[in-house]
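Single chain ahead, written as structure tokens, the form predicted on its own.
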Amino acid sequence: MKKICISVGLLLTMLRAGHAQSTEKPAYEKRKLKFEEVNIVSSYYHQDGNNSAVTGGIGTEKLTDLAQSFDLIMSKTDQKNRLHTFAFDFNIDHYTSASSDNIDPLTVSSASRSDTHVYPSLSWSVNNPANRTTKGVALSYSTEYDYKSYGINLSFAKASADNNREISVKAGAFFDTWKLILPPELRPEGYGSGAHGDRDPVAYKPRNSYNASLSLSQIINKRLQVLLTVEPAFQQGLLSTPFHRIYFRDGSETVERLPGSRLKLPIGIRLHYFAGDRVIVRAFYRYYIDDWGMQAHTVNLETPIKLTSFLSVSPFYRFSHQTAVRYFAAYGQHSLTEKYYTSDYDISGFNSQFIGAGIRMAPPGGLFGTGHWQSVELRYGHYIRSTGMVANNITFLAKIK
């Protein structure tokens, strides 16, 4: 924790130092706040499977989610010729979950069967062309039926003199509060259900997350760009889900229990290769390890292909392999002597594949003869997990400038 506070303090110091510097005063052209672009994203997601953690690792995983995102970006140049970029991002999604409905099967519909998730964010960045630095700060908020979250992120980036190389550092923290909704058969006497109108008390627990990122991007030549990233993260607080049931070998039942901290370390490399005027190859590999015993490898490949001056397609494929955390066991396989236990298949061992394609239209004069409508894109993806879960996702993206 102390190291994270020091890192955040250093970033704040760098931000203040950057504002304190005053070398040359380039010519200033007075400008008002300028509209840059709006990005609108709509997405529909559906999944199904038979390994719900709510019912101890068996049962339906059926879930549908409809998400909408609105992203507004504006900019302004100040007296020192620094570019200030302001972004407002508003996201809302509504889901229905058959597995969450099994939290309380004695009711017609449990409190979490369907819910609306709202998560806006604000960000501000300052690019200084004189010293080739970009500094930024972002604030976020998220709310759902059983939790609230507040977040802050700081960033700093510096480019080389020829702009072929850039080093960036980011640090963030999220402070969450979770409502402890328990299955009805495991609630103590007088403990509430968490439903609206229920006056019986329900406990609340914190979950705090801290993350950092160090990345180096390099232009190798006019065709190849490389990005290396290291993104350590630390979580502390309630990391288990209180309405996930656990069934022991003797048939007894309890709720999921996991350690109160988790340290994660993802390391990734991204390659962009421009194979001519019409084809781009985007490749990504990530290795992940944490102190719960999980290791994972992810490979992603996407190849945008320009069919005409305004039409392109982007087939993509992702493969992932992960090992289970040491606390995982299937339904009815946990021992009473274990200290921690989960039957959540999201942190089990499995292979997964995600395959699909996108089609993008970006006419030079804009869509429908309107220059402001710069582009639209439609993407579809099909997800398969070796545990039997399948999912489909379709996304529509529009950019207005």
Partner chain sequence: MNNQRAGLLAIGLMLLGTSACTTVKEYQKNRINDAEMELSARKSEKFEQNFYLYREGAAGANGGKSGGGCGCN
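Positions refer to the first chain, counted from 1. This one's a predicted model, so the numbers in the text were calculated from it and none came from an experiment.
The form predicted in complex with the partner chain is left out here; the points below concern that form.
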If the criterion is a non-hydrogen atom within 4.5 angstroms, does every one of L227, R318 and N393 touch the partner chain in the predicted complex? yes
With the partner chain left out of view, which of R82, K158, H117, R187 would have a heavy atom within 4.5 Å of it in the predicted complex? H117
I need to confirm a contact call. Of T133, T254, N91, S193, which residue comes within 4.5 Å of the partner chain in the predicted complex, counting heavy atoms only? N91
Look up in the predicted complex whether Q68 has a non-hydrogen atom within 4.5 angstroms of the partner chain, and give yes or no. yes
Is there a heavy atom of S352 lying 4.5 Å or less from a heavy atom of the partner chain in the predicted complex? yes
Does at least one non-hydrogen atom of K76 fall within 4.5 angstroms of the partner chain in the predicted complex? no
Is W178 close enough to touch the partner chain in the predicted complex, meaning at least one heavy atom pair within 4.5 Å? yes
Picking from 193-201, 211-219, 327-335, 123-131, which part of the chain touches the partner chain in the predicted complex when contact means heavy atoms within 4.5 Å? 211-219
Let me know which residues along 294-317 have a heavy atom within 4.5 Å of the partner chain in the predicted complex, or say none if there are none. M294, Q295, A296, H297, E302, P304, K306, S312, S314, F316
